[in-house]
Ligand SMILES: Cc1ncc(COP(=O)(O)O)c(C=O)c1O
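Have a look below at one chain only, the form predicted alone, in structure tokens format.
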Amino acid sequence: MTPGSTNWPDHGGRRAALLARFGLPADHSLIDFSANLNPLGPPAWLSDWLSGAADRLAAYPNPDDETPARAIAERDGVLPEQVLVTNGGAEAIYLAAALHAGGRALVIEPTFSEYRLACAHYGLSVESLRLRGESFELDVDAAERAMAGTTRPAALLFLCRPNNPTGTMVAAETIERLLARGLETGTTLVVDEAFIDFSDEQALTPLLASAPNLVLLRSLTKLYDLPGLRLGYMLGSPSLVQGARDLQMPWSVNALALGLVAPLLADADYLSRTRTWLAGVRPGVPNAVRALGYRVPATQANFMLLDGRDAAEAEALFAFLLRRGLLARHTHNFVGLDGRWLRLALRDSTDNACLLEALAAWRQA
């Protein structure tokens, strides 16, 4: 199989396609390190809640129900009119692009490919700003110059914090500097904080009070291990959020998702247990991988990026792990990574031990 060849799945968690690609049976047992989800699983009370929520499916979602937005606003310290609940983080990304249709966009890369896809969907031209070196640092001066542009300023800038797939974090002070420049150039900063709950750093929510050109995107499905539910939200100024609401498709968010916002956010014990788990695996697991001789950038997320040296060796390692029952995430569709790296989620101690054993075996092979 040619390294870097086409038809790799665009997202993690695509077991069937990858097993078929490598000639493995559909029932091949796998531990999924390709999807960055909470290994604690959904909250224990969720099954009972769902069994009692069947009546919600007999009516359209209530577009006037402010309960979800109020729950988010209370948790994040903003006004309800600064909150828009969305059909997963993906819809929030597309709405952010829709607000600037036809403009010029900057994307800090390598990063989540959905930003480029959303821009293409709404006719935005895209300029890539590459993170520098093996530690994936942002060149702030270059970003400021790109915001101003040579012929026209950028309408928006997409930045992921902590970044997917690198796990690296742009400091809040840097974001403030970019926001100030954005007020001069007319640039909106769209900061995707889908993984902020897995980070030790603070969210950027307090900056909303003084930055009308800031949009924050969040996901609840990663934290609570509910990717099939599709539940996210957007934060911004009341006028910007209203503009996105005007562009949102009717009945975009289903009734079950809307009903779950408040009880999910109220589960303080689940968040506490998640933080306890994180403290036990980060930075311990990345450090253990480095001790085996692999390059792994510092991560502030619930995943790590592993340098495979080149695309051919990374693909060979991917296949080796897959045959041992461990599904990694390829990086062929991340601009600037070009298949050379593998992204690996942090999981529970048993699964992480299996990964470390396999990575050690690869080094000895």
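This is a predicted model, so every value here is computed, not measured. All residue numbers refer to positions in the sequence shown, first residue = 1.
A second form of this protein, the form predicted in complex with the ligand, is not displayed here; the remarks below concern that form.
Heavy atoms of residue 203 never reach within 4.5 Å of the ligand in the predicted complex, leaving it off the interface. Contact annotation: residue 164 falls within 4.5 Å of the ligand in the predicted complex, judged by heavy atom distances. Within this chain, residue 194 lines the site of the ligand in the predicted complex, having a heavy atom no more than 4.5 Å away. Proximity of residue 286 to the ligand in the predicted complex: non-hydrogen atoms within 4.5 Å are absent; the residue sits far from the partner. Looking at 75-83, 130-138, 277-285, 89-97, the stretch with residues near the ligand in the predicted complex, meaning non-hydrogen atoms within 4.5 angstroms, turns out to be 89-97. The putative spot formed by 219, 222 and 230 is fully lined by the ligand in the predicted complex; each residue has a non-hydrogen atom within 4.5 angstroms of it. 160 is the sole member of 154, 160, 235, 264 with a non-hydrogen atom lying within 4.5 angstroms of the ligand in the predicted complex.
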